[in-house]
Every structure is written in C-alpha cells, then in structure tokens.
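In structure tokens, the next block holds one chain alone, the form predicted alone.
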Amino acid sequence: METKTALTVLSGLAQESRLGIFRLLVEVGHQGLFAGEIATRLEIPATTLSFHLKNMSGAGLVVSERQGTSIRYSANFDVMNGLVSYLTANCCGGDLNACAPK
C-alpha cells in the first residue's frame, strides 16, 4: 500500500460513526450486513448511514453487493490487512518479536 492510499483509508475511518460501522462489519465477517441492519444495530439514521457508507466505499473500506432491492455491505479485508501491513512494515527495525504484545 502506498502512503497516499493509506491516508485515504485512514481518513475513511476518521469519524466515530464510520469507525463503528467498520468495526461492526469486521465483527460479522465476510457475510456482511444489509444497510438497514447496520442502521438498527448502531442506531444511525438511514440518510446518515448512506453518507458514511458512500465515504467508506470511496476509501475502499467496504464492498457492496445488491441483493434484490437491498444492498449488503461487508468490510474489505484486503484493504484492512494492507493498511495494517503498511503501518507495521518496519516495526521495531524489522524485529517483529520486539513488537509483539507483552
């Protein structure tokens, strides 16, 4: 992942509701959730949720799939893992054992 991409992804998470949405989608895994389910679980109005999901889609954080008249959203795990790898690429001078949680 390049620095510019990492900044785009981080900015897509840099808001309380968006971070909550992403964490929820990570928690439920690859099956994702319909927009209405996300709104209900997080108590976010539909129009506000739509705004946040559009922003997150633009940052590459979520993937959407139309199913009939509904849209199912899921976390983009490739982007998430790419960001984590980018952030930890040179951790502790390459000595990953030194970076392990204690």
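So that there is no doubt, residue numbering starts at 1 and follows the sequence shown. Owing to the predicted nature of the structure, the values given are computational and were not obtained by experimental measurement.
Keep in mind that the form predicted in complex with the DNA is not shown, yet the notes after this line are about it.
The DNA in the predicted complex comes within 4.5 Å of no heavy atom belonging to residue 41. Although the partner is absent here, residue 66 sits close enough that one of its heavy atoms falls within 4.5 Å of the DNA in the predicted complex. Within 4.5 Å of some heavy atom of the DNA in the predicted complex lies at least one heavy atom of residue 34. Of the heavy atoms in residue 26, none are within 4.5 Å of the DNA in the predicted complex.
If you take 18 to 50 and check each residue for a heavy atom within 4.5 Å of the DNA in the predicted complex, you get 18, 34, 35, 36, 45, 46, 47, 48, 50, in sequence order.
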